[in-house]
Ligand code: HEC
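Presented as C-alpha cells, the chain that follows is alone, the form predicted alone.
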C-alpha cells in the first residue's frame, strides 16, 4: 500500500519537527539556567489559581509565569536570593501572616537594594522616597514600577501604555501620549523621550525644582539657543525666565511663578519638615484670601531674610504653564508661539495669574496666590529679580524713566556739538590771543638775551 504523503510534505514535516525540537531545546536551556530550588518553586507558582488573602482583605496573586521569568532580566537570579526569609522546609505548610500588599512590598524593598545599590541610593534622594518618609502610602516602591518576575531591559522599546509612571500619573500620561513626543514614539516606534528620559527613572525630582527639566530639553535640543537667537531678542534671558512649554504648548494657560530663592546658596528655599512657616506666614499676611499685595510680599520676604541670617533671600520670577498636564501638551515646533505681543503687551493674560512658591520638604511646590498688580509695582522691583527686562514691562513709570535715560544719553553728544559750534568764534579769538601773547614773550626773551650778550662784551 503506497503512502499518500508526497516527498515535499515529508520534507516540510521534517523541518517543522526540527524547529519544534530546537525551540524545545532552547526553552529547556533557558530553564536549565535556574537552580533546582527555583524550578521547584515555579512548578507550584506557575499556576493562575495561586492566591493569598491578606489580613486587609486584599488578594495577593502568587502566580509566577515560568516563561516570563526565564525571559526577564532576573532569569539568573534564584528565588531564594530575594525571598531569603522563607524556609523551604515549612514554606507552604505553615501560614504566614501578611497585613497588606503595601506592607509586603515594603518588606521586599531591601532585597532590591542588595543588588541595585546605586539605583537604590538615587531613589533615596528622590521625591518618591521623600513622600514615603512623609507617610504617603501611595508613593511608588521598587516593585510598583518593576515587576521582579517579568522585568525586562529598559532599552527595549515597548508600548508606552506599559510605562509604569502611567499608573500614578494617568492624566499627565494621557496628555503626553498625544503630544509631539508621544506621537513620535507611537507613530514611528522610535525611542522618543519617555518619562524617565526627562525626569530620570530613580533620582526623580519635583519638576518645579531648579532648572533640571529645562536642562533636559537643552540636552536633546542642543542647537536650540542658536536657533532662537536668529529671531528672539535676549535669548538667554528668555530661557532663564520662561519655561519651554510656555511657547511650545500654545493652548496652555500661563502664570508668573515667584520662587523664594537663596542667592547665597544659589538654590530654591525649601520648607523644613514639621515647621510650616511658609503657609503660616502667608495665611496670616493674606487673612482675607485675596492674594498677597506688594506690601505683604515685601514684609514676608523680610521675615525669611531674618531666618536666613545673611539677608540674601529674594524672589525669582518665572513664566510657566499652569499645570503638569499642560506641560505635557507640547506641539510641533511649527505651532510654537512666536508673537511677542502674547506676553509683551498691557494686560497680557499670562501676567494675570501670579503665585508665590516655596519648595516643600519633599521638593513639591507649596503655593500661595499673589495679586497681579504686584508686577506693576516699583516696590516689587526690589524683591523680584531675573524677571524684569527694560522696555518690556507693564510698569509704565519705568518705561517713562527709560525714555528719559535714552533721551538724556542721546542729548549729551548733541549738546556738546551745539556748544562747540556756538563758542567756535570765542575759542578762535582766545586761541589767537594766546598765540600773540606767546610770541610777545618770545620776543622779550630774545631781546633780553641780546642785551646780556652786549654787556658781557663791554
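Numbering follows the first chain given and starts at 1. Between two forms, the rigid core is the largest collection of C-alphas that superpose within 1.5 Å. In this text, all values refer to a predicted model and were calculated from it rather than measured experimentally.
Form predicted together with heme C: not shown, discussed below.
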ask   = Residues in which of 269-277, 368-376, 296-304, 87-95 have heavy atoms within 4.5 Å of heme C in the predicted complex?
value = 87-95
key: Contact test in the predicted complex: residue 338 vs heme C, heavy atoms, 4.5 Å   = yes
query = Would residue 253 sit within 4.5 Å of heme C in the predicted complex, counting heavy atoms only?
reply = no
inquiry  = I'd like to know whether residue 80 contacts heme C in the predicted complex, with contact meaning heavy atoms within 4.5 angstroms.
reply    = yes
inquiry  = Residue-level contact is defined here as any heavy atom of the residue lying within 4.5 Å of heme C in the predicted complex; does residue 59 satisfy this criterion?
reply    = no
query = Taking heme C in the predicted complex, which residues of 112-139 have any heavy atom within 4.5 Å of it?
reply = 112, 115, 116, 119, 120, 123, 127, 128, 131, 136, 138, 139
request  = Determine whether the C-alpha of residue 121 shifts by 2 Å or more between the shown form and the other one once the rigid core is superposed.
outcome  = no
message = If the two forms are fitted on the core, does residue 352 show a Cα displacement reaching 2 angstroms between the shown form and the other one?
response = no
message = After superposing the rigid core, is the C-alpha displacement of residue 71 2 Å or more between the shown form and the other one?
response = yes
